[in-house]
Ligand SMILES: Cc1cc2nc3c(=O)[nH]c(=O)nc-3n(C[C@H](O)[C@H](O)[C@H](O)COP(=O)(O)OP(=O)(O)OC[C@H]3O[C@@H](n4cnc5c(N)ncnc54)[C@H](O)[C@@H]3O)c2cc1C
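In structure tokens, one chain follows: the form predicted on its own.
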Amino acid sequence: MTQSFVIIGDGISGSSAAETLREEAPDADITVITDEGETLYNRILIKEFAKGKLPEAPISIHDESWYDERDVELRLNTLVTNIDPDAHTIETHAGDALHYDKLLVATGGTPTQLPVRNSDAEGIHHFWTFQDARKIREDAEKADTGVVVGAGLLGIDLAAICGAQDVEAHYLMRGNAWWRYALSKEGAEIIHDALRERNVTPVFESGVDRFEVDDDGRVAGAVDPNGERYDADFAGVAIGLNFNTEILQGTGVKTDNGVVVDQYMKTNVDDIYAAGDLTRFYDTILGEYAQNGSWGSAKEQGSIAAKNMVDPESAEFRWVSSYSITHFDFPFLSFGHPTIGDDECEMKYSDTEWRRLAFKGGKIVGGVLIGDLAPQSAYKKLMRDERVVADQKDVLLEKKFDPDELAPAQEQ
């Protein structure tokens, strides 16, 4: 009998799964359901669009013909309201019921809203979808002053948008440095200086106590917990994601700040898989459960899930992720899990070149490179190979790092 595969979500993980399913199961019925009104677009490039650096045209990855050519049924603007694992059916807001043999949940997350007064005012933005990017660009082009909240990889996108759109902004951070869980103050200061050059001022030990609005209900300023007020006719908030797991309620699928899956992207419920940002997956390199929101990781998870939906446990997710920032005059890349570990090493080579590695049990588990990305491939390979190298930090931190200079693994 013809197999029926249903994918909920048309982000990069869902789309990657659909493409792989068609390759692995040429005769299968494949349906992709998304509550968005447009097909897959490049979430990496929408920040460049919001900065005013790109037109809309290069952002889209697939149009509807892409799905037609692969005989994939696409349902836009469709909300899944119920999943019945026993009957192997899903229901949509329109009252339709679809049968599945295997189901992939790739619904991602929704930006977390600040729990403060006036946080839903006009002019306060969260940055996740292409539609968000359009509104951000529109408002930023008209704004004179702004505030940004969220000292992480998404928050800095909003700060960079302010800089590119000539918005005089204050970047309000709760701690004493940007992305303080992955960077030391010395490394973070490179980022701080780059922000200041773009008229975005980092403000430390701060945050937002409340937003103030004008008579029309539009944001006019932000007051931090110290009582300092900052003018803002534009505001960006990026304090994390709430994973879209509501449709799994009552299914028995295990969740733990995301959907728990094994290395095959399978949940604890038969025939239900998950991929992308919302997964808490078993990381075979770390030997423990982990999460990762990078584009490359989501794409690979979608492909791995699809292969296992066709042929169970035929492919294992074993991946070293990376995330790059292209807002400044120097490159920035993080890889693996730089915010965890029990040991670390770092080195500053110049005003715009810095490197940090995180270790756990003597093995590299992540790192951050600023200014020179050349060593990334070697570091990632050491991580994949699970080499114990923390006792050779001096070699690892050499400016022109050569992995051949490391002592052989068996001699350590």
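Sequential numbering from 1, following the sequence displayed. Nothing here was measured: the structure is a model prediction, and the numbers come from that model.
This protein has a second form, the form predicted in complex with the ligand, left out of what is shown; the following refers to that one.
Asker: Though the ligand is not shown, can you say which of Asp157, Asp139, Glu300, Asp224 has a heavy atom within 4.5 Å of it in the model of the complex?
Answerer: Exactly one listed residue reaches within 4.5 Å, namely Asp157.
Asker: Considering the ligand in the model of the complex, which of Thr339, Gln263, Thr201, Thr78 comes within 4.5 Å of it through any heavy atom?
Answerer: The residue from Thr339, Gln263, Thr201, Thr78 that makes the contact is Thr78.
Asker: Going by heavy atoms within 4.5 Å, which of 352-360, 57-65, 365-373, 28-36 lines up against the ligand in the model of the complex?
Answerer: So the stretch in question is 28-36.
Asker: Should Gly276 be classed as touching the ligand in the model of the complex when contacts are defined as heavy atoms within 4.5 Å?
Answerer: Answer yes; at least one heavy atom of Gly276 falls within 4.5 Å of the ligand in the model of the complex.
Asker: Using a 4.5 Å heavy atom cut-off, state whether Ala378 contacts the ligand in the model of the complex.
Answerer: No.
Asker: Do Cys345 and the ligand come within 4.5 Å of each other in the model of the complex, heavy atoms counted?
Answerer: Because no heavy atom of Cys345 falls inside 4.5 Å of the ligand in the model of the complex, the answer is no.
Asker: Answer yes if any heavy atom of Tyr323 is within 4.5 Å of a heavy atom of the ligand in the model of the complex; otherwise answer no.
Answerer: Although the ligand is absent here, Tyr323 would touch it in the model of the complex, with heavy atoms inside 4.5 Å.
Asker: Select from 1-23 the residues with a non-hydrogen atom within 4.5 Å of the ligand in the model of the complex and write them out in sequence order.
Answerer: Residues within 4.5 Å: Ile8, Gly9, Asp10, Gly11, Ile12, Ser13, Gly14.
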